[in-house]
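The chain below stands alone, shown as structure tokens; this is the form predicted alone.
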């Protein structure tokens, strides 16, 4: 089958998802632009038309896009003040975990390829700012729960980092079609971390 020319409509999101799959299989340093291009039936030259910065730009967009999508889902829940802090916390974890299990390749990139971005002087600051904004959402709802007397007092930064570490590691061990669905795992994790905070 002939490869598509650069000017033919190509879904940018499809390219990023394909790249995440390639990075998961081969690692960022082992992947080639030709590998990514082949996943979406493009030539490597056509792929550079969409991503002039090459593989590094693609990785940055995979990570930034993945983080932005889940951030907006979690933000909508955390900022819903009609919900009690415990319910916002539970729903945020559920939404986050379901998002990760829906695309394990992006989740794996967020674990394994973040170091590559952090080594880039240009991209490091923007990625860290995104990550900090996301973590701050969890910290906000935990602090709300502590202030209202629903959650026990914890070291909020440490608790949020432990929570995010457990969630992000799903990209390593979760398998579609495994013993539990993404939704079931999301419920388990939400209940586990909520019970760790609730004052009995």
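Numbering follows the first chain given and starts at 1. Remember, it's a predicted structure, so these values are computed and weren't measured experimentally.
Not pictured, yet referred to below: the form predicted in complex with another copy of the chain.
Among the candidate stretches 141-149, 62-70, 42-50, 165-173, which one is within 4.5 Å of another copy of the chain in the model of the complex when only heavy atoms are counted? Within 4.5 Å of the partner lies stretch 165-173.
Spell out, yes or no, whether the shortest heavy atom distance between residue 115 and another copy of the chain in the model of the complex is within 4.5 Å. Contact with another copy of the chain, yes.
Residue 188: touches another copy of the chain in the model of the complex, heavy atom cutoff 4.5 angstroms: Output for residue 188 is yes: heavy atoms within 4.5 Å of another copy of the chain.
Heavy atom of residue 111 within 4.5 Å of another copy of the chain in the model of the complex: Residue 111: yes, in contact with another copy of the chain in the model of the complex.
If we define contact as a non-hydrogen atom of the residue within 4.5 angstroms of the partner, is residue 87 a contact of another copy of the chain in the model of the complex? No - in the model of the complex, heavy atoms of residue 87 and another copy of the chain never come within 4.5 Å of each other.
Is another copy of the chain close enough to 12, 98 and 122 in the model of the complex that each of the three has a heavy atom within 4.5 Å of it? The answer is no: none of the three residues contacts the partner (heavy atom, 4.5 Å cut-off).
Within 4.5 Å of another copy of the chain in the model of the complex: residues from 177-200 (heavy atom criterion): Residues within 4.5 Å: 179, 180, 185, 188, 189, 192, 193, 195, 196, 200.
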